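To begin, one chain is listed below as structure tokens, in the form predicted on its own.
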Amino acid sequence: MNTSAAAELDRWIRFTPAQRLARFAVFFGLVAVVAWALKTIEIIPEFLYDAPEQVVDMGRRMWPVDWAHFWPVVWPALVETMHIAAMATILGLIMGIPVGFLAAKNATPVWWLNAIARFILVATRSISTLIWALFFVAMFGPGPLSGALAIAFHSIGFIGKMFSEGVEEANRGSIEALQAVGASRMQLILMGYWPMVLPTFWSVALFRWDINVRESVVLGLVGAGGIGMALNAAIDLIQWDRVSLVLFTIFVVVILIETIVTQIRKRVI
């Protein structure tokens, strides 16, 4: 074998021809999808060209901030937002924890109950909070009740899924010991599974409350109460100095809640 042939055999090839063809096909498909999407959404280039000017103009309108608007309007809306998030978290835990136990195969060894519970978890989690809000606004009218119920029903899927996974990962030895002394199903849950999933409870409750505060802000845009309604009203009235106040308030509240939740998790969990 000559030297050039040996060098050719020793040359390392990262991808085979079939792999290179597959990579090219994937890349071509992604480019085609992006091009199709751009054509479908009909981007108007003229709007993109003057976007920087529009941003600067809006920034000028948002300054100075209308701080006098905080106490009479923004503060009550912020308190309402916190109440919505707290009530939604409590209702979500009340409804989500039992469904989570029913979805856990070791805690509820009945296949049809597991199937129903998992269907509830998937169904409530797959429907967006905004869709839930529109549904409850149509049913109960605009206000904080609709927002709290929308977030609570959406929270069932998240809370229940986390609890079912925590229950299924529980130490089997402790459960078998309770079964050996004749513990009932409720006693197994209260004295066996619950102490082991208690850290999961606090973690899920705090994390979900943090998420619910953010979601309650957005739901106000569809009439579900809270500070989002104050933001939507300011935008509709083109009061940009008040819009900046609401946005600044939301930013500060989110940072504070994130800090508080982190500190509580360090001490409790």
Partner chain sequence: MTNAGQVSRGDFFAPSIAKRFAYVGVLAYLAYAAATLGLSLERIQQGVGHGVRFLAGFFPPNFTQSDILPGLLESLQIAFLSSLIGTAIAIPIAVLAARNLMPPWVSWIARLVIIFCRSFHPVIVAIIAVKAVGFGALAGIIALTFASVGFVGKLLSEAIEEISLKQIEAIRATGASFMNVIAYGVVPQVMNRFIGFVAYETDSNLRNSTMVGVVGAGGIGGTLFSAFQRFDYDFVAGIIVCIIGLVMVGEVLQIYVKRVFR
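Rigid core (definition): largest C-alpha set, two forms, superposition within 1.5 Å. Residue numbers count along the first chain shown, from 1. Because the structure is a prediction, the values reported are computed rather than measured.
Quick note: we don't show the form predicted in complex with its partner chain, though the next part is all about it.
- In terms of contact with its partner chain in the predicted bound form, the residue from 113, 175, 95, 134 that brings a heavy atom within 4.5 Å is 134.
- The single contact residue among 103, 148, 197, 159, judged by any heavy atom lying within 4.5 Å of its partner chain in the predicted bound form, is 148.
- Look at 167 to 175, 67 to 75, 104 to 112, 119 to 127: in the predicted bound form, residues with non-hydrogen atoms within 4.5 angstroms of its partner chain sit in 119 to 127.
- Interface residue remark: residue 36 is counted as part of the site for its partner chain in the predicted bound form, having a heavy atom within 4.5 Å.
- By the criterion of a heavy atom within 4.5 Å, residue 204 is excluded from the residues contacting its partner chain in the predicted bound form.
- Interface membership of residue 254, defined by any non-hydrogen atom within 4.5 Å of its partner chain in the predicted bound form, is confirmed.
- Taking the partner from elsewhere, residue 217 is found to have a heavy atom lying within 4.5 Å of its partner chain in the predicted bound form.
- Residues of 225 to 262 lying near its partner chain in the predicted bound form, listed in sequence order, are 231, 235, 240, 243, 247, 250, 251, 254, 255, 258, the criterion being any heavy atom within 4.5 Å.
- Residue 236 shows a C-alpha shift below 2 Å between the shown form and the other one [criterion: core-superposed Cα displacement of 2 Å].
- Once both forms are fitted on their core, the CA shift for residue 251 between the shown form and the other one remains under 2 Å.
- For residue 260, the Cα coordinates differ by under 2 angstroms between the shown form and the other one after the core has been superposed.
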